[in-house]
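This document opens with one chain alone, in structure tokens, the form predicted alone.
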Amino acid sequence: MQSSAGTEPDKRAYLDVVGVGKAFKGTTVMSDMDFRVARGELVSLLGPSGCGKTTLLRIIAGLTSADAGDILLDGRAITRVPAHRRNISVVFQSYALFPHLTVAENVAFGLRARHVPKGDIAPKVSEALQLVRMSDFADRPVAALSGGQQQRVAVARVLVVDPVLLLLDEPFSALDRKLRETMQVELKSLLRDRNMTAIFVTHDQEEAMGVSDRIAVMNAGRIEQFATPSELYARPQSAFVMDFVGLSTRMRGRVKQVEGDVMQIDTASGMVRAPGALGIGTDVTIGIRPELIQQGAGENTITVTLADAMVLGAKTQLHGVSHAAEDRLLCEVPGIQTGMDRGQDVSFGWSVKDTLVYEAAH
């Protein structure tokens, strides 16, 4: 399990979602959902819109009831415990701050709702604002703050009540790219320092890769793969995960021959060898991460017609003309490549062991 600086997550299950199902108006959006998070772990639910990640988050929070299954938190069943008694805090996409209150009053709201003694509120608010570097803004109205400052206030408001679990629903989506990346680093560090367990909902793969110990990639109400960012990227278990996490060259093909544990696969771009032993005639999807492809010959080599050469800072991305509608031919080479013209032939080469193969969906 990955971990940044700070306390290593406890490997034992802290949050346990067992066999959870949910339907809306007769349409099943989730069934037999099993999902486990360790104490102190930062986990992301990653997937396209409508895949069920926000529904799962709301069921954990108690804001939506499950039709089936159980939820345990630190060994205690909370399936039928109302949301306000779970001590689970949620940071919503809209932040849900009170515009007529000051920063300090917003942060203090949860403490007052819990009937914390008046004399204890100010020190707790001060500590929470200090954690998010907003102490100098305590008396300002929320409406006068920038998006990043409002996000910090929303985080302070949930931390001040010492939740047993923190849930974040697309918390950075309203921020510009640079600020979003800064807030991701700051929040991850803050949660690490406090050894908090947190679940992020996002459709942004870079955000999930940056903040998470593990990522649950969701599709159509189920988890396709639940693993560390490095495992997801290097060894995706399905073509969907391969496509959703990172870029890849992608080709359709058919197994023509199998020799030991290596297959010969016929594609529109030529013959490709790959690890595995699927049956001859099996339709497959082939994937190769673009940084593992070199310009020139390799154990596998295809010749493509260059469609574009995009300079992306320290690397250049080469796009080949697809020989089949569903294929995507992509290579990343280090440095700035010049003198490459659209329409010229380019060789893409890579090793057999770096070739990913999945049975094609029909």
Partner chain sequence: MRRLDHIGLLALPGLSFLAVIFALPLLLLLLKSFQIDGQFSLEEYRLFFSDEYNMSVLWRTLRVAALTTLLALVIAYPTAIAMSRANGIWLSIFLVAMVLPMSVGVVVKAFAWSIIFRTRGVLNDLLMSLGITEAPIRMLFTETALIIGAANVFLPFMVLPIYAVLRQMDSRLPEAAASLGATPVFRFVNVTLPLSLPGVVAGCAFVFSLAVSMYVIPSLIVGERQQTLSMLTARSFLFLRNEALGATISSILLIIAVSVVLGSSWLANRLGARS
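Residue numbers count along the first chain shown, from 1. Because the structure is predicted, anything quoted here is derived from the model rather than measured.
The same protein also has a form predicted in complex with the partner chain, omitted here; what follows describes it.
Participant: Residue-level question: is residue 311 within 4.5 Å of the partner chain in the model of the complex, judged on heavy atoms?
Facilitator: Residue 311 lies outside the contact set for the partner chain.
Participant: Within 4.5 Å, heavy atoms only: does residue 307 come near the partner chain in the model of the complex?
Facilitator: Taking the distances in the model of the complex, the answer for residue 307 is no, it never comes within 4.5 Å of the partner chain.
Participant: Heavy atom to heavy atom, is residue 90 within 4.5 Å of the partner chain in the model of the complex?
Facilitator: Contact check for residue 90: yes, within 4.5 Å of the partner chain in the model of the complex.
Participant: Can you tell me whether residue 157 touches the partner chain? I mean in the model of the complex, with a 4.5 angstroms heavy atom cut-off.
Facilitator: It does: once the partner chain is placed as it appears in the model of the complex, residue 157 has a heavy atom within 4.5 Å of it.
Participant: Looking at 147, 270, 141, 275, which is the one with a non-hydrogen atom within 4.5 Å of the partner chain in the model of the complex?
Facilitator: Only one option qualifies, and that one is 141.
Participant: Going by heavy atom distances of 4.5 angstroms or less, which of 290, 210, 246, 110 would be at the interface with the partner chain in the model of the complex?
Facilitator: Exactly one listed residue reaches within 4.5 Å, namely 110.
Participant: Just one stretch in 229-237, 278-286, 180-188, 112-120 has heavy atoms within 4.5 Å of the partner chain in the model of the complex, so which one is it?
Facilitator: It is the stretch 112-120.
Participant: I have 94, 99 and 105 flagged as a candidate spot, so tell me whether each of them has a non-hydrogen atom within 4.5 Å of the partner chain in the model of the complex.
Facilitator: Verified in the model of the complex; spot residues all in contact, yes.
Participant: Which residues in 170-185 have a heavy atom within 4.5 Å of the partner chain in the model of the complex?
Facilitator: The stretch does not touch the partner at all.
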